[in-house]
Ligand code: COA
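Read the single chain below, which is given as structure tokens and is the form predicted on its own.
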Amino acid sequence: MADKTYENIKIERQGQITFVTLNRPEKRNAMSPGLHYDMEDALLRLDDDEQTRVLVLAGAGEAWCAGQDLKLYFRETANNPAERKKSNTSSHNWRWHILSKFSKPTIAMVQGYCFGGAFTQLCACDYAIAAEDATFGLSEVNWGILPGGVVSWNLTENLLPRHAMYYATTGEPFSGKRAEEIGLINFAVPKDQLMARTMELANKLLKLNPSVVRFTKEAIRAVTHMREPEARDYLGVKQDGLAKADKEIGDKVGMKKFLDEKSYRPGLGPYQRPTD
């Protein structure tokens, strides 16, 4: 599909890997109402885009995202309840509702600052890779506000309670290395290796059956708070749905390559799938 031009974000492609970049570098990519509207529109389009197999969420310049633009998002909509409601809805919609349910794998590629409200889209992405010297922080406590929206909820979902409590109540920043240690991101790498490591993961995902990746990531998110009997029933139905949705799975191609043809061994990478 033809890519639309936006004021606050950029869309760039490397084959089937689509980069969506927050593009307000002069504001450390702080999120304005306009950026929220751009992102909502772009993600809805890309979710239906057949060319996009993996989506990478990036930030222009020296920061990934410094959170909400306090002036534009909060102060300038304070006396405009209609605009405040519209931008608030759009903000939550793209950062959590759309992104966490995006049908293709999503990778947060984090450099520089990741602060405040940016934790929402960070946690909504399926994977996160950050520069070792990236700076994460919840500075809301310094402004007399809570980590609102779903930030506090995401903290308790992704971190041990002690870590969530400490960083939310002290506002103390922490590095990419620390973010990896406490489980907020998958990997911390030297800044000059960030793009290469992100592309390595993206290309690994491209080699996998996209239906299996999609159904698996949906299942992992869904079963998190289920009881064991509910999870077992759900996963059984999900597997049946996968077999019906994808002929390769319905024909048990992977199973045949392992059991019958002996052409695939687990642990040695994905088997060679037929090219489109």
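Quick note: we count residues from 1 along the sequence shown, nothing fancier. The shown structure was predicted, so the numbers you read here are calculated from the model rather than taken from an experiment.
Form predicted together with coenzyme A (COA): not shown, discussed below.
Contact check in the model of the complex: W96, Y127 and L184 versus coenzyme A (COA), with a cutoff of 4.5 Å between any heavy atoms. Do all three pass? Checked in the model of the complex: no contact with coenzyme A (COA) for any of the three.
Heavy atom within 4.5 Å of coenzyme A (COA) in the model of the complex: which of T89, T156, S139, N80 fits that? Just give me the one. Only one option qualifies, and that one is S139.
Can you pick out, from E62, D233, D47, E248, the residue that has a heavy atom within 4.5 Å of coenzyme A (COA) in the model of the complex? When coenzyme A (COA) is considered in the model of the complex, the option within 4.5 Å is E62.
Only one of 108-116, 80-88, 190-198, 174-182 gets a heavy atom within 4.5 Å of coenzyme A (COA) in the model of the complex; which is it? So the stretch in question is 108-116.
Residue-level question: is L70 within 4.5 Å of coenzyme A (COA) in the model of the complex, judged on heavy atoms? Judged by the heavy-atom cut-off of 4.5 Å, L70 is in contact with coenzyme A (COA) in the model of the complex.
So in the model of the complex, is coenzyme A (COA) close enough to V56 to count as touching (4.5 Å, heavy atoms)? Because no heavy atom of V56 falls inside 4.5 Å of coenzyme A (COA) in the model of the complex, the answer is no.
Whether K217 contacts coenzyme A (COA) in the model of the complex should be assessed with a 4.5 Å heavy atom distance threshold; does it? So K217 does not count as contacting coenzyme A (COA).
Answer yes if any heavy atom of E228 is within 4.5 Å of a heavy atom of coenzyme A (COA) in the model of the complex; otherwise answer no. Judged by the heavy-atom cut-off of 4.5 Å, E228 is well away from coenzyme A (COA) in the model of the complex.
Which residues, if any, of 10-36 lie within 4.5 Å of coenzyme A (COA) in the model of the complex when only heavy atoms count? Contacting residues: E26, K27, R28, A30.
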